[in-house]
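We begin with a single chain expressed as structure tokens, specifically the form predicted alone.
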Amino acid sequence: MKILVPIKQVATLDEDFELRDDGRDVDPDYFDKDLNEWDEYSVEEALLIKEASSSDVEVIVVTVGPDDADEALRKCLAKGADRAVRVWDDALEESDSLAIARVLARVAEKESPDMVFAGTQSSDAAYSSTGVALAAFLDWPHAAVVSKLDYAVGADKAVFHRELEGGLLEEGEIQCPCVLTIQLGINAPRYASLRGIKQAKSKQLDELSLDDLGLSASDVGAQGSASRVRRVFVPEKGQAELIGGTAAEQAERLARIIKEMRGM
């Protein structure tokens, strides 16, 4: 059995930062990078299934990103993933979540996994769309925001819980192969052991190009994307006032604020 786990190396901002000259993103010099938090849980869920099974289960992590994304892949290998795949081509710059999902679908077709676990969202972009779009490209059933999973290796179905609005939980059954987007809290992600970290440093990472996946430059990047970033900006800061005193004093102050705002 194979479980494919798409991961992302996300960017976190320093306290002080500057935007790029084109105003469409933050200057990368102000980025810190790490494995996406949601992906920590999807990797862990795959490893738990592997460890609970008496038959062979291969956990493969895949990312779409440049060389520095190797660090996130090795972190997953250190935790226990069996293989790691990185896809990159300069044409992938400016790809949106739809274009990335198209690439991941080709990787899935190449690997023929039984299940795909993707993080519900990334902590930097937070679109929550890559896993769902991946399922659409594969024409596989999917369930989003999965908070509990019951699956036995070799079974053709899995039972899951997922979060709904208003604090409700939904229990469902899904046919495999399938795509599940994993929510925070489904498990407790492990830390990589020192031995695992040392072993991960020497493991081979598979590298794929667009040609390897049968894709062209027009399938990705700005051309292959359904959306583009127009600009990134810091929103204007509002102001707040804590109103103390008695109820009558608070009411008087509120009335005065409203009059001032209305220019009275």
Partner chain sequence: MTGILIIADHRQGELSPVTLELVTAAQDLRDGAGGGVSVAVIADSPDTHISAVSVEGVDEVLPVSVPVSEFQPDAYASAVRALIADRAPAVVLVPHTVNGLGYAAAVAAQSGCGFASDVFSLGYDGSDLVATRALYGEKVHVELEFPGRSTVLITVRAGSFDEAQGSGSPSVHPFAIDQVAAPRSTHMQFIEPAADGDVDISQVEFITSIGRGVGEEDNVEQFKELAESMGAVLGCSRPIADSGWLPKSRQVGQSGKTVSACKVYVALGISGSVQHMAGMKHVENIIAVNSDPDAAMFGIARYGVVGDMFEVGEELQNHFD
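Residue numbers count along the first chain shown, from 1. Everything quoted here is computed from the prediction, not taken from an experiment. The term rigid core refers to the most C-alpha atoms you can superpose between the two forms while keeping them within 1.5 Å.
What follows is about the form predicted in complex with its partner chain, which we do not show.
- Although the partner is absent here, residue 154 is not a contact residue: none of its heavy atoms lies within 4.5 angstroms of its partner chain in the predicted bound form.
- When its partner chain is considered in the predicted bound form, residue 37 lines it closely, a heavy atom lying within 4.5 Å.
- Residue contact check for residue 81: none of its heavy atoms lie within 4.5 Å of its partner chain in the predicted bound form.
- Contact between residue 1 and its partner chain in the predicted bound form is not found at the 4.5 Å heavy atom cutoff.
- In summary, among the residues 216, 199, 209, 227, the only one with a non-hydrogen atom within 4.5 Å of its partner chain in the predicted bound form is 227.
- Contact check for 9, 48 and 56: none of the three has a heavy atom within 4.5 Å of its partner chain in the predicted bound form.
- Annotated contact segment (heavy atom within 4.5 Å of its partner chain in the predicted bound form): 117 to 125, selected among 84 to 92, 103 to 111, 117 to 125, 67 to 75.
- With contact defined as any non-hydrogen atom lying within 4.5 angstroms of its partner chain in the predicted bound form, the contacting residues in 228 to 264 are 228, 229, 230, 231, 232, 233, 234, 235, 237, 238, 239, 240, 241, 242, 243, 247, 248, 250, 251, 252, 253, 254, 255, 257, 258, 259, 261, 262, 264, given in sequence order.
- Core-superposed comparison between the shown form and the other one: the Cα of residue 12 travels less than 2 Å.
- Once you line up the core between the shown form and the other one, the Cα of residue 165 ends up 2 Å or more from where it was.
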